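Presented below, as structure tokens, is a lone chain in the form predicted alone.
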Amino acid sequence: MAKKQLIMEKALELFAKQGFEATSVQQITEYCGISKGAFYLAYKSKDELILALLDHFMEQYISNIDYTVKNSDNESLLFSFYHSAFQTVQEHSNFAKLIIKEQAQTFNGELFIKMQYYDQLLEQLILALIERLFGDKATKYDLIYTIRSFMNVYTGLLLFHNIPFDIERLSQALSEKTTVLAEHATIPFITEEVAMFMREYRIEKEVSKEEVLEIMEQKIKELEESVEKESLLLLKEEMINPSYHSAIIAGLLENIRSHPHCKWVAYLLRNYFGYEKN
């Protein structure tokens, strides 16, 4: 296991038990069985480690939803969207609980900015979903916040209430409710003008080609010899010297998309190559 991955996994166990503030770097290194020097070679500080954990969780969350939105047919799209979102939260429930519980006390400015950035990516995905299913409706911006509210409320139920939680049934129920609202609601509260005004205060963070290549290079170094590593090498070459047919690119993206440490770069590459299943 790579050193950074080991530290992230062990630190998360401690954070889940004690919280961010009560957990020291010394405790993390002892729990991992490594020296402080080894820790600081991987992360400059505990705050940087927490940011890395946030990135890892949100990258899984956004990339899973993005893949679902781009690869589901219209009939199952809403169900698949909700199912992907709740399933990812369930799979990473320890960190999701930690973020919700401690954000008011612990989050610094950089962490807050990161959360806003990921929130914006999620809203863009939801808007694309709405426009694909329901067209350019006057109520589409209200629908974004309706869907976000459904996700937030039921995520809280999933994480903090000891009740039977059937994700399939929930996804069906929310898909039905969203469709009813989309098809029958006619009075917008958030108009196009209001949405444009709100966008002026958004955090713009376009990922450049050079940044994507840098992320790929880091992943290539971290991965052991595997199909995923070979696919990343080929995709990197394609970005530098384009020559592959789109079907080959699609196959290479499929090779990496399920690896937990490649999901984000797969998301970035899907957007870079404009890849979407037909």
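The structure presented is a predicted model; accordingly, all values stated were derived computationally and were not measured. One-based numbering along the sequence shown. Basically, rigid core = biggest C-alpha set you can superpose within 1.5 Å across the two forms.
One more form of this protein, predicted together with the DNA, exists but is not displayed; see below.
In summary, among the residues Leu41, Ile240, Ala247, Val227, the only one with a non-hydrogen atom within 4.5 Å of the DNA in the predicted bound form is Leu41. In the predicted bound form, the DNA lies farther than 4.5 Å from every heavy atom of Ser258. For Ser35, a non-hydrogen atom is located within 4.5 Å of the DNA in the predicted bound form, even though that partner is not displayed. Proximity of Ala16 to the DNA in the predicted bound form falls outside the 4.5 Å heavy atom cutoff. Shown alone here, Gln218 lies farther than 4.5 Å from the DNA in the predicted bound form, counting heavy atoms only. The stretch among 23-31, 56-64, 229-237, 210-218 whose residues place heavy atoms within 4.5 Å of the DNA in the predicted bound form is 23-31.
Within 4.5 angstroms of the DNA in the predicted bound form, the stretch 77-98 places no non-hydrogen atom at all. Annotation for Val227: C-alpha shift under 2 angstroms between this form and the one not shown, rigid core superposed. In the core-superposed comparison between this form and the one not shown, the C-alpha atom of Pro242 has shifted by less than 2 angstroms.
The two forms, fitted on the rigid core, differ between this form and the one not shown by 2 Å or more at the CA of Phe15.
Relative to this form, the distance between the C-alpha atoms of Phe39 and Ile220 is increased by at least 3 angstroms in the predicted bound form. Compared with the form shown here, the Cα atoms of Cys32 and Ile220 move at least 3 Å farther apart in the predicted bound form.
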